[in-house]
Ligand SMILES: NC(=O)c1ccc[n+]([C@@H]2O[C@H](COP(=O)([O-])OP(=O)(O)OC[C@H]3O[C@@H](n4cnc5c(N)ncnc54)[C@H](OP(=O)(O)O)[C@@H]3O)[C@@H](O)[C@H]2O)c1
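What follows is a single chain, given as structure tokens, in the form predicted alone.
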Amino acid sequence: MKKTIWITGAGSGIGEALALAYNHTEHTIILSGRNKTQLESVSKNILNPYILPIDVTQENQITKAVATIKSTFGNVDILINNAGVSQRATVSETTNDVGRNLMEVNFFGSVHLTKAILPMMKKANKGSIVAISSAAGKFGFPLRSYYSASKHALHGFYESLSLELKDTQIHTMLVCPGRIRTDISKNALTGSGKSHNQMDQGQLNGIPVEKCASKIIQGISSKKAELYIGGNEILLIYIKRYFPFLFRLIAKRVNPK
């Protein structure tokens, strides 16, 4: 079935892998991100791409982008809010401006785009809205304070939204990746706002990004509400839920990198 699929953060990592995994002559893949050069590079491997550069922290850009989508395609079948940035700094090291930036990208960017696209989906009474959260959206972790907080916030918002949409055919899904082999640690922000520019060992040993993308697509098809993807680190989600005292003991011993 022909679908229009909008992916933010599509220039690399999970976003790029999803675009390639969805690549099919029947699908239109809308590629969004701040780096137009990266989007153009990804688009060369997509059969039916549509490049739409956007900074999700800028509401005026979101408004214009949604208007373009509406006039060009009429509706979006799948919206994947993948744009995001991680953190590698202690609370004390992280400036308030950097903290706000992390919240703007990871939380408000996703929320504002979802709210902007929702009227179209409601009118069509169909669609899937996916928010890429993190295992860190389920528990706090050293050097990830604002990142973890922004991902926790996504859970509160999208769980509420899913309940409000219970009488519609609009599906929402939260995805909690653990360690996936991407450049997320390289692009993570330090306390001053500079890029961490280092590949964490845990990230390097993470599961292939293609496997992550495949599981996300399966989750969307089966209309899952929440999806956990990763290796042994995913066990921490369940340990935190059922044995919080044990989680704290383990987390204190884990190398945050």
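Computed from a predicted model, the values in this text were never measured in an experiment. Numbers for residues come from their place in the sequence shown, where the first is 1.
One more form of this protein, predicted in complex with this ligand, exists but is not displayed; see below.
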| query | finding |
| --- | --- |
| This ligand contact in the predicted bound form: L236, any heavy atom under 4.5 Å | no |
| L31, heavy atom within 4.5 angstroms of this ligand in the predicted bound form | no |
| Residue contact check: N35 to this ligand in the predicted bound form, 4.5 Å heavy atom | yes |
| Exercise: E40 in contact with this ligand in the predicted bound form, heavy atom 4.5 Å | no |
| Residue among V98, I78, I180, L143 with a heavy atom within 4.5 Å of this ligand in the predicted bound form | I180 |
| This ligand: the contacting residue among M173, A89, A83, M121 in the predicted bound form [heavy atom, 4.5 Å] | A83 |
| Segment assignment from 65-73, 52-60, 217-225, 192-200: heavy atom within 4.5 Å of this ligand in the predicted bound form | 52-60 |
| Within 4.5 Å of this ligand in the predicted bound form, all of I14, S133 and I184 (non-hydrogen atom) | yes |
